[in-house]
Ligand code: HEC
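As a starting point, one isolated chain is supplied in structure tokens, in the form predicted alone.
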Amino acid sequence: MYSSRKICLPVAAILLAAAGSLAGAAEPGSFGYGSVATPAQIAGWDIDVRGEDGTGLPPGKGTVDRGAEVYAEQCAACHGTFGEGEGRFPKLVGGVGSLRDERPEPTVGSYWPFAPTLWDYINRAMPMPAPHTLSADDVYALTAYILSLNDLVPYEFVADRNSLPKVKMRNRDNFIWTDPRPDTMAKPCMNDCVNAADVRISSTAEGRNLTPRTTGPLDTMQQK
């Protein structure tokens, strides 16, 4: 019969050896596991497209005619034959002039500020059951077709990395790109600030009926 001491010593030696090999193989600044991402792996995630100038758009092109074919096969079941939307799926067309209405219709034609953003969204998220399955050319074609449905480009329009940033969307000038509001209304203090020991709570919300009642156990909780 082996003693627990005889069993533990070899196991401990194996664990120490494994730990030593991992530490020796670790990259500087890493935790000793995983590997450095290859350029191909990084490229697979680096797919974002900048809206205002189309930076990130890949090579390729697509026509409105080809977009109509892809749309009928991949998109019409959810977004309607002409972008009118089916059921609870969103409309892609219409809504122009409705953004100030009680029930605005934010569509590609009425709300979106940049055409390259449409390419980016289709490329990363559509079709909903199988994203990332469309070629760059077919995404360009879909983008051209949807822009054409919204009367934003002529039927002869060819979408590519050069033409998309030049499309003027109806709502582009109604976006505020720099928020004028301050992060906080408090004045910054860098020195001689308030001593935390001098801070006193002058009032609380307790007993003022400021918290809405619930339908759960909080209703029966007593004030402290």
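Everything quoted here is computed from the prediction, not taken from an experiment. Note that residue numbering begins at 1 and tracks the sequence as displayed.
Heads up, the form predicted together with this ligand isn't pictured, but that's what we're talking about next.
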Inset, instruction - Answer yes if any heavy atom of residue 121 is within 4.5 Å of a heavy atom of this ligand in the predicted complex; otherwise answer no. - result: yes
Inset, instruction - Look up in the predicted complex whether residue 74 has a non-hydrogen atom within 4.5 angstroms of this ligand, and give yes or no. - result: yes
Inset, instruction - Look up in the predicted complex whether residue 82 has a non-hydrogen atom within 4.5 angstroms of this ligand, and give yes or no. - result: no
Inset, instruction - Answer yes if any heavy atom of residue 146 is within 4.5 Å of a heavy atom of this ligand in the predicted complex; otherwise answer no. - result: yes
Inset, instruction - Would you kindly say which of 90, 94, 113, 104 lies with a heavy atom within 4.5 Å of this ligand in the predicted complex? - result: 90
Legend entry - 126, 134 and 142 each touching this ligand in the predicted complex (heavy atom, 4.5 Å): yes
